[in-house]
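Next comes just one chain, in structure tokens: the form predicted on its own.
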Amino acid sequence: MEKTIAVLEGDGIGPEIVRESLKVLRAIEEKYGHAFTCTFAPFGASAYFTEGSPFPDRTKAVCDGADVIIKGPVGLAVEEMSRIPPEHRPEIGAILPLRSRYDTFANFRPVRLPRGLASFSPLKPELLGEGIDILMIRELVGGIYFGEKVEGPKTGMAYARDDCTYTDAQVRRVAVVAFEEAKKKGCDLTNIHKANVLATSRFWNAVVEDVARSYPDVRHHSLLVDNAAYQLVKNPTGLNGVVLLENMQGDILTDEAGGIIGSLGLMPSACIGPGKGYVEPAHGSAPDIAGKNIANPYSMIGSIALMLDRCLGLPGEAQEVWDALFAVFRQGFTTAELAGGEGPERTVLSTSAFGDAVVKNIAGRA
């Protein structure tokens, strides 16, 4: 296979963890005879200072011409971010436009913690059972993040408003993705909402139930978002399977899911559109540890596995990466933020050493 890849390293620890993910991609490329051509382009807060925009035109051109996009985390320290006008900060000026440009409506975030890695979680071992295996599918280009935003006058009664809107087409297509995934995995689907209060959630539920009629073999459940937040901590394995979420609720609960498995550093992510997708870690840029070679590259490397599977149609190669990632942990290694606590003693690896260990496991597999 020959594919072109846009690489947006981002800010903070972005370049470090992207570098390790590309090591892994090159190992897969060599082992399977693929040809991946990577083109780097600026993106994020640092791009604003060097290019005058967090999503420069030349970066858009690189992304437009690529088959798929690898994106590192974005954002700088608070003092530096305060020097950027609000409309040019990475979230508003780069991330949301990236999603809109390629209509990446379906966000895949696997939440996986095998029983043998229970010590990574802050939860009691008895709550983890045989392990956590949740695939969160979040709608990514609708809802309150993309609705009209109004900030009222500073004199008199000041106010602000964020509109939350969903269309039938927006809900239907992400619901189809979630049901198809549950059908393929042979698992339950849990639909998260706030229908007891929000009109958009009642509408969301009606569309999801309509889609469900086409999937009679998929068991599905409905759960209020506040109860879902509680269940993630109290009974996380009860949500094993596919979980469908709207945009803002998904943003919050996927981060909580990172907490229950021990680190957002264990949360890869793929954002898939009808013609193109991009992959990214679910965590931030951690500027306080940038350059120290201690960041966990798991989420960025796992995002490469998602890219191989979801974007490039290479599930075998993707599974090779997953197997290598978990092999590193099984061999008694860990990263700095996962070290300590109860459980077996592990050797802490640097960012680069962790990447090397994953590559070694790939190379050593028949």
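What you see is a predicted model, and the numbers here were worked out from it, not measured in a lab. Position 1 is the first residue in the sequence shown; the rest follow in order.
FYI, the form predicted together with a small molecule isn't displayed, but the following is about it.
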Could you spot which one of 215, 102, 203, 145 gets a heavy atom to within 4.5 Å of the small molecule in the model of the complex?
-> 145
Find the only residue in 181, 133, 251, 188 having a heavy atom within 4.5 Å of the small molecule in the model of the complex.
-> 251
Find out whether any non-hydrogen atom of residue 193 is located within 4.5 angstroms of the small molecule in the model of the complex, and reply yes or no.
-> no
State yes or no: in the model of the complex, is some non-hydrogen atom of residue 95 no more than 4.5 angstroms from a non-hydrogen atom of the small molecule?
-> yes
Using 4.5 Å between non-hydrogen atoms, is residue 239 touching the small molecule in the model of the complex?
-> no
Find out whether any non-hydrogen atom of residue 282 is located within 4.5 angstroms of the small molecule in the model of the complex, and reply yes or no.
-> yes
Of the candidate stretches 159 to 167, 274 to 282, 222 to 230, 121 to 129, the one with residues having heavy atoms within 4.5 Å of the small molecule in the model of the complex is 274 to 282
Indicate whether the candidate residues 3, 23 and 67 are all in contact with the small molecule in the model of the complex, with contact defined as any heavy atom within 4.5 Å.
-> no
